[in-house]
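Heads up, the chain below is alone and in the form predicted on its own; it's given as structure tokens.
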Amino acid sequence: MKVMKFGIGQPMRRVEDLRFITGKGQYTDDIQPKRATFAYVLRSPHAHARFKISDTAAARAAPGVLLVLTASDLAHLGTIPCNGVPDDVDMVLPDYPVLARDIVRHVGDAVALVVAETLAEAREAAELLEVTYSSLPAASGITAAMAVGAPQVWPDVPGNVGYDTSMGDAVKTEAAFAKAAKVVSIDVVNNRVVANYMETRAAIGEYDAKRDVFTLTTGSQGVHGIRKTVAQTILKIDTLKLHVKTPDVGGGFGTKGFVYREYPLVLEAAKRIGRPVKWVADRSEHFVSDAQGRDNITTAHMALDARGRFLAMKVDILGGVGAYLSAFAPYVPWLGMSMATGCYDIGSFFGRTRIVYSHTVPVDAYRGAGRPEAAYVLERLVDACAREMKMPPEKIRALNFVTPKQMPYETLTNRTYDVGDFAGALKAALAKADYAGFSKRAKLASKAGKLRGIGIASYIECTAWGDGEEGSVELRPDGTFLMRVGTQSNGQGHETAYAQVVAHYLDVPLERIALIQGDSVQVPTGNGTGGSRSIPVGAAMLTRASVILVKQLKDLASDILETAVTDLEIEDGAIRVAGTDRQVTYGQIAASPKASKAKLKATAEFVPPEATYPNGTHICEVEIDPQTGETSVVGYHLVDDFGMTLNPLLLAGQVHGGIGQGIGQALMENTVFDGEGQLISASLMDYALPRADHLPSYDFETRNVPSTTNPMGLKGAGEAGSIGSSPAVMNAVIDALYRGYGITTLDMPATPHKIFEAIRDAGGYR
């Protein structure tokens, strides 16, 4: 097939952006149903306390109040389930009630819902609720929760350890360590972060009493999973009795993929008062109500031979999950352990993972979900090995990489890498970064009183595994096309990317191809967006559907043009007889008497047989002012393998955004609780986010090796930027500090204060 000007591989600008930049986007908060009422959630100011709501009468009688709900009003509802328990892991699943019962377990725990004519009235009425708290000791964070005698989050989870599982061969690994020439060990903290998407969560609940059908409108990462959980598990109704809709979404990062308390609450409230109920979180509420990310403490060891070869690796991961088990919380640290060996051919491996409860906001999947945590530990460890062996960091990586000749490569954690050229990506990135010229740049920086450092991170991740997608492409009467897909864009540009797939086969401009997503009625099935699955799975499905539709339309065109199908070609939005000017437009085909609905629509499915494994190398260069501790990212170069590029512009945007989040976590973002479980960094006044002037111009290219587990060769790209960036930045920071003061350890975030203290403790200010 000839290259289509709107098709796959073309750097098309996003068709949805015109809507967004002209203010015509429609987010959940833009929707105002007739007779809408407004909900306010009363939240606990304590991290751990017994509580009693002794009187609701004053609140119920307050101006404008229509409903007050407490836990006792919701006894008929189920609890919020946890779906992410790893296979073969035995663990207790504590209750996660829609409203807290008797005990609150983190600041922000929901204790009551008030619905009124206005939000102001609901908030004022909530203040009239008589709630008596009896404060209890709190375990604030992983370390405190694991201390001897620590307060217990759940009585049936002793020691606050939710599970203790392992992976690999302990005996073989210990034997390899016993024979090693060198053993290198590190302890690292992967700091907890707050998602802080631009659009806070919101939900609108409606109930049609005549049809006995609920409607939930909310910004999500997939309506079908939310529908199933809310309907079957919490409301205990048939899924067909719940219609879930998602309009435009202003960022998700994994965190909008979960079911939250407010979703069943607004539905229950709407049924009780017979009017729509709307709830919108403010930014302060986001900090204490939405699942947070990362929060690992890890010890890692590498055994090496005299040449610097990696003989064996051990990791011990403590994964914080907060007070309740959010949807996939137990799975995330386990998933990270499964990617612990990264790009390297390591002789043996043993890993231990424990999840730890504490009296803090729940933790769940956040952009990369376990894979950034794994890459961070490994790449920090590899740099430590290079220093111990007195080897250049690029040399020790190249020496230990899995080679293309070893593919497909079975890892010691039951992963199968189908293809990849890790050394090739590293070599290309080193050239882009002018790695050989770094010493000269470092000397110039030193003359200016600055420390300069350069850091490498080579990563691999697993994406687009598990459930497939079924969807369709159809020709409409006006000659335009309609796609139905069960994934959900959160700003990635799916309307454009998916349209390019259809345009590739039907040769029409992107604006003539529409997308329906985020509607559990109009799109019958779907598995949502997460794990960088949307394009590798969704585009593969649409490719199959487009090929089927082309055949069906050519059959119809053959009848209209009275010629053989083999003589037909598609060009410029029409089907023509090759070598002639005889053609039929799509609109004419749709109007044909033989054009049944079945002939004008093609449905297809793609189920990935295995994960895809994007990989690459990030190289970051930083400059540190030792007088202030401030770090500037002065260069950022990366070479990635995404198998195949559907749209270079969209791909670059995804990578840039991920790097921005990684730089933010490495240098400034940090979720801080005090010893009593109070969130200190509870607003954007206290929680630092990167701004444009913190981020460099990225030097990015792809060096693609097509995936063999995806029919288009695609590998997921949405999370990759966040996986390689944090270790690259921190390796650069430590490289600068090591060159200047011999400092070899520092945890994220590398804030000016923390760097200043490290230099001071190393004797730098004497």
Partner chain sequence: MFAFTYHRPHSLRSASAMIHKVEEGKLLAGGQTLLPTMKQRLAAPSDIVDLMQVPELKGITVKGSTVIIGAMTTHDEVATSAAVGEAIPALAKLAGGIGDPQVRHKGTIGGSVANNDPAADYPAACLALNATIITNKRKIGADAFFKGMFETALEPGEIIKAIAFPVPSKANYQKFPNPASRYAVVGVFVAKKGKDVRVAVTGAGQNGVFRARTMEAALAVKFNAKSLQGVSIPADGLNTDIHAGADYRAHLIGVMAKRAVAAAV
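Small disclaimer: the values here were computed from a predicted structure and weren't measured. Residue numbers count along the first chain shown, from 1.
Keep in mind that the form predicted together with the partner chain is not shown, yet the notes after this line are about it.
- The partner chain is not drawn, but in the model of the complex it has no heavy atom within 4.5 Å of Val171.
- In the model of the complex, at least one heavy atom of Tyr687 sits within 4.5 Å of the partner chain.
- Mapping the unseen interface onto this chain, Glu127 counts among the residues with a heavy atom inside 4.5 Å of the partner chain in the model of the complex.
- Residue contact check for Arg691: one or more of its heavy atoms lie within 4.5 Å of the partner chain in the model of the complex.
- This chain is displayed alone, yet in the model of the complex one of Thr563, Thr413, Ser596, Gln627 has a heavy atom within 4.5 Å of the partner chain; that residue is Gln627.
- With the partner removed from view, the residue among Val161, Val547, Ile680, Val92 that has a non-hydrogen atom within 4.5 Å of the partner chain in the model of the complex turns out to be Ile680.
- Only one of 324-332, 136-144, 665-673, 588-596 places residue heavy atoms within 4.5 angstroms of the partner chain in the model of the complex, namely 665-673.
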